[in-house]
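First, one chain by itself: the form predicted alone, in structure tokens.
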Amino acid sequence: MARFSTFKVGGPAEAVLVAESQDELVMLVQWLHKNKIHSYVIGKGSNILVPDTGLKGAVIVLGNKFASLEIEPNDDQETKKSTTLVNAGAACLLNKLVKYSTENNLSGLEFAAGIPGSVGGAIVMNAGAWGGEMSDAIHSVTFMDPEGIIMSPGKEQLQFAYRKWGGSKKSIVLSGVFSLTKGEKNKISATCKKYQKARKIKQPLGIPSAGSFFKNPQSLPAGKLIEDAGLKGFSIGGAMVSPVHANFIVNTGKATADDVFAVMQEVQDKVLHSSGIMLEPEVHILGEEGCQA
């Protein structure tokens, strides 16, 4: 699974299956459910950690037909003049959605500029940065349950929370509709560039990782807690706490998943000892339970 993960670690899956259409995905999900086979849906692999022992069951990758991107009619007369609805497929790159929105003078997703991964993964994670998150812009989400039934609830029905979308781990996000406001392209573009520049300065880009590794507690950012515990640059094997940003565990070149797990556990232990706070991984650790990431 290393080739399917930005961490570049992970053992083999029993099967990797590409669903090229919604009908194909329905048949596949129903067959897996009927035969009680675990499954995992991955996007661009930017937020997953797979054990060296690999995965039992099937890994599902959504094909190109799930990467659609289009403006759809807004039938709400109260918001029609100021709001535009953009429908993005789960396999669409999040940065492609941000670029599309900018080109169409639509504001609301600037915070996502530079966040790696797919739209589906970003929705499931309720990904965010700079004070914004996906739920701020979501209008509705279309997803499939483990039995192949498709539904499209509005945002208020999904109960988004910090780094959670409220849906079942075994549901598969197919697409999201985003409610964006009309704005000036130059201002939207400038904000996106500002965030991308800050990301390049503050984060260890260009080296394998899964992005921010731990969720931020309410008291202090995880990176601050890890740095205060003296762990910047701490390493085991090929995995290291980034000297650039302490909430990034990076693969220095030859890391194994076991190395990453060992660093994770050491960070949790040291931060718990120094601050009394137990850090919770933000990265999806794929195991027996199916999930989308």
Ligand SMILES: Cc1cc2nc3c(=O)[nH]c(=O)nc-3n(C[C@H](O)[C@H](O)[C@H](O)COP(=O)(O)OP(=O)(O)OC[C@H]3O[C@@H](n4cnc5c(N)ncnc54)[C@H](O)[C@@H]3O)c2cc1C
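What you see is a predicted model; the values in this text were computed from it and never measured. So that there is no doubt, residue numbering starts at 1 and follows the sequence shown.
Just so you know, the form predicted together with the ligand exists too; it's not on screen, but the next bit is about it.
Using a 4.5 Å cut-off to the ligand in the predicted bound form, each of Leu62, Leu205 and Phe248 places a heavy atom inside that distance. Proximity of Ser209 to the ligand in the predicted bound form falls within the 4.5 Å heavy atom cutoff. Although the partner is absent from this view, Arg199 contacts the ligand in the predicted bound form, with a non-hydrogen atom inside 4.5 angstroms.
Under a 4.5 angstroms non-hydrogen atom cutoff, the ligand in the predicted bound form has Ser171 among its neighbouring residues. Using a 4.5 Å cutoff between non-hydrogen atoms, His284 counts as a contact of the ligand in the predicted bound form. Between 187-195, 126-134, 96-104, 68-76, the stretch whose residues reach within 4.5 angstroms of the ligand in the predicted bound form through a non-hydrogen atom is 126-134. For the residues Ile115, Val86, Ala222, Leu109, the 4.5 Å heavy atom test against the ligand in the predicted bound form is passed only by Ile115. Only one of Val241, Val29, Leu55, Ile42 lies close to the ligand in the predicted bound form, with a heavy atom inside 4.5 Å, and it is Ile42. Contacts to the ligand in the predicted bound form (heavy atom within 4.5 Å) from stretch 136-150: none.
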